[in-house]
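So this first bit is one chain, no partners, the form predicted on its own, shown in structure tokens.
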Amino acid sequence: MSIASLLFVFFQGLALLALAPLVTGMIRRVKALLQNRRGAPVCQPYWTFATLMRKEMTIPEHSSWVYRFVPFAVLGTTLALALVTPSIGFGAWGPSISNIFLFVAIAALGSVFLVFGGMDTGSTFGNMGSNREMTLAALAEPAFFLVLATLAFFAGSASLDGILAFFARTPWHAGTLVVAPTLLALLLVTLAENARYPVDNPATHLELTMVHEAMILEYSGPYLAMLEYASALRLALFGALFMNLLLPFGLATPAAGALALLVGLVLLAVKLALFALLVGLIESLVVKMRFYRMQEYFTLTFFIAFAGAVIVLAHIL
């Protein structure tokens, strides 16, 4: 890898790191405005993370080294995802690094470590959340794999960089419009993978409804800040991937120069703002579904993804 490509990768990662809390703050602000509330400032997540980093931690009495290792593992895998996900542009990674299967594996690894953290505390809520998280993951993965496989087949590349390069070089009506059902399925999977409505409620501490919050309920201080930051970063990188496929415009390459990088950064911020608006609208219009109806949600997602695959196959043939 050249020096330019390496700098390009780190610039993308830093951009996602800087914008991730802002995406969460914008979603909360959109929801507040739609509910006729003033809401917190969009920069509130930054202050929240800074406050958590200064607080003391309480460690569960019966926890093991797993409890302490989980925040580092979850944040580390999410940072790895941020580095391999093309957000500002494409062309930095080779096909083996930005491979869609590696992307899914890293995402699943972070989820598994989070499940271990919820179980290691010995809390009833933690074990309940871990159980629900694994059930939701088993339901979501088939649709997620089908979405990525459809995009890879349509683009003729099994890497995220190659897929994004294809859409960037293809007219919108001949690329993105053809895979519209697949992108809709990707949006539904994104909501599920990031514990958003209608799958989960990220703002609740009611034991009957929480999934993600149940697993991190026993964490506090810097450990909680790391887990919450990882959650915000994961949402931002999934949003960047979705918006770059939906609006594959203004994407830079490592050899494009500083001006192209700056334009790509500005456009990334605009796309993430649109994504935050979309998620805020969805969460304001759709209520959280009961846990035992999740199979209906994921069945619908899978069939939308399957319809997208059929459309792509018919288009190519």
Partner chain sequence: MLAAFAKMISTGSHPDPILLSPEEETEHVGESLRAAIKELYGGRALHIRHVDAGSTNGEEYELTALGNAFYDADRFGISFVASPRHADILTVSGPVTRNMAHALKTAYDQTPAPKIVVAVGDGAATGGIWKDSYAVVGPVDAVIPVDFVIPGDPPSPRDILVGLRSAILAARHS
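Residue numbers count along the first chain shown, from 1. Please read these numbers as outputs of a predicted model, since none were measured by experiment.
A second form of this protein, the form predicted together with its partner chain, is not displayed here; the remarks below concern that form.
In the predicted bound form, no heavy atom of F238 sits within 4.5 Å of its partner chain. Taking non-hydrogen atoms only, E218 approaches its partner chain to within 4.5 angstroms in the predicted bound form.
At the 4.5 Å threshold, heavy atoms of A273 stay clear of its partner chain in the predicted bound form, well away from it. In the predicted bound form, none of the heavy atoms of L262 sits within 4.5 Å of a heavy atom of its partner chain. Residue in contact with its partner chain in the predicted bound form (any heavy atom within 4.5 Å), chosen from L183, L164, A232, L224: L224. Contacts with its partner chain in the predicted bound form, taken as any heavy atom within 4.5 Å, map within 18-37 to L34, Q35, N36, R37.
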